[in-house]
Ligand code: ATP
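What follows is one chain in structure tokens, specifically the form predicted alone.
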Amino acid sequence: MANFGDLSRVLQEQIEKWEGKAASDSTGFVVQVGDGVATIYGLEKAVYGELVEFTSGAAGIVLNLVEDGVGCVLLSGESLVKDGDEVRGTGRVVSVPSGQSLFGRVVNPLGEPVDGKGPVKAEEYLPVESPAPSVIERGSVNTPLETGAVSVDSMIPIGRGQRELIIGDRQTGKTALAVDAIINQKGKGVYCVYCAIGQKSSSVAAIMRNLERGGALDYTFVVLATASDSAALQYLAPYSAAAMAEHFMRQGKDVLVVYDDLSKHAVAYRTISLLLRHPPGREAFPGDVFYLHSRLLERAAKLSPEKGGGSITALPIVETQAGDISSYIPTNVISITDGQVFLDSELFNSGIRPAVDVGLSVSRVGGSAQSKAMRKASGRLRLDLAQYREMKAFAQFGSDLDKATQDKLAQGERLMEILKQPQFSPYTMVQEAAVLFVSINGCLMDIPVNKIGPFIKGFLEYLEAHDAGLMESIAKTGVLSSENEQELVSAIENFKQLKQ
């Protein structure tokens, strides 16, 4: 009886001290888990993209909202999650760190370092999903972002704040072009982010070595989701890279972000969507696969001077199958971006590298993001190359060609030669303008085609040594004046005499 008395006394004390506070936590429990996806009953207050925590210490993102629960993808600790585990909503979305300490580092999509060089010091945490700058906040794209590739800077110019797609079959030099563009930003005040999605770790290690060799790691960092990482991390990677880049854009800095590649990103999202039982559409992709990439690439922008004038330039990479740019993901991304650089496998195999197909490549910002010197020097280039391609096709059928046609073909061959560039040897804007001017104006007609490459290299070295004032004048003014043109003509004549 004494025991019952003690029990009643304890209960009475508990009732007297009881505070009728409602628990506001959003909780639920795991109904099913597998393949990196958990189905959760409960979590009535969950929102799309919210971070949820499991009692086992695992974390996930809510990507599916249904009547009596949610579907979430697991970011970490997948092996620890079991049926019946309790889940708690955090009320916040996934955020990643950003700041100067990222440069030279390799981080995963959660902002955690994976290069073994210690922790990253965060200046700010930013949500991975954030709205793109509004039309009012944007300024006009009018400053060139020089890639150092003559064929791109002359005919498909890219401006700071632009979204230019690099598209082509596998092994056509897409990543090489993007890495060259990053290396060419040295000393230009542009920060760079390389986002690797579904790449092999060995490939990314090779890219890191090339960036280090080019002195680019002082202003570049890598966001890495390897092929062995979960689909959830591969899905998150480009949004994390964009969030980290936005930190610098809001400070008025210019940032170049390379997404390599969005084909693998779409496949990762398709995997997640099918596991979450979203209805499949064309090629089994979910219906919102267009929104997947549009909300990412719209975050690339040039801000107005009132907002600091910073910019994010996006270079998304998409892989095609047998040159088919009319398939689902390529057409989606082409319609979102401001132009594309199409790399052709036939050109690549015939030794024209970078293998830019001028006919299928376009920049919808174009001349407004090009220096006056480049615009003047490259004015006739696209037309001359188009005429060369047309004449070359007809010349195969006949041997009796008149002098004018032979000259056009000879000139076209030389123009194709000057567009060839070895990897990791980008040109400055002044060098590009000088090379294009002497080439388009027929100054190379007396040089054998097979000697054009070494001749151009020697000519640029000669200009740096003997006509540094001319190069500085063009660089400072950004204009190719008639006096500059005369000096270039006399410089190449002097160089030819020196070579004889």
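These figures come from a predicted structure and were not determined experimentally. Don't overthink the numbering: it's just position in the shown sequence, from 1.
The next section is about a form of this same protein that is not shown, the form predicted in complex with this ligand.
Checked against this ligand in the predicted bound form, the candidates D169, E78, E129, D338 yield a single residue with a heavy atom inside 4.5 Å, and that residue is D169. Note on contacts: among S361, T175, S294, S230, the single residue with a heavy atom within 4.5 Å of this ligand in the predicted bound form is T175. Exactly one of the stretches 401-409, 85-93, 185-193, 351-359 approaches this ligand in the predicted bound form with heavy atoms within 4.5 Å, and it is 351-359. In the predicted bound form, this ligand lies farther than 4.5 Å from every heavy atom of E417. Not displayed here, this ligand is kept clear of G116 by more than 4.5 Å at the level of heavy atoms in the predicted bound form. Using a 4.5 angstroms limit between non-hydrogen atoms, Q421 touches this ligand in the predicted bound form. The closest heavy atom approach of E319 to this ligand in the predicted bound form falls within 4.5 Å.
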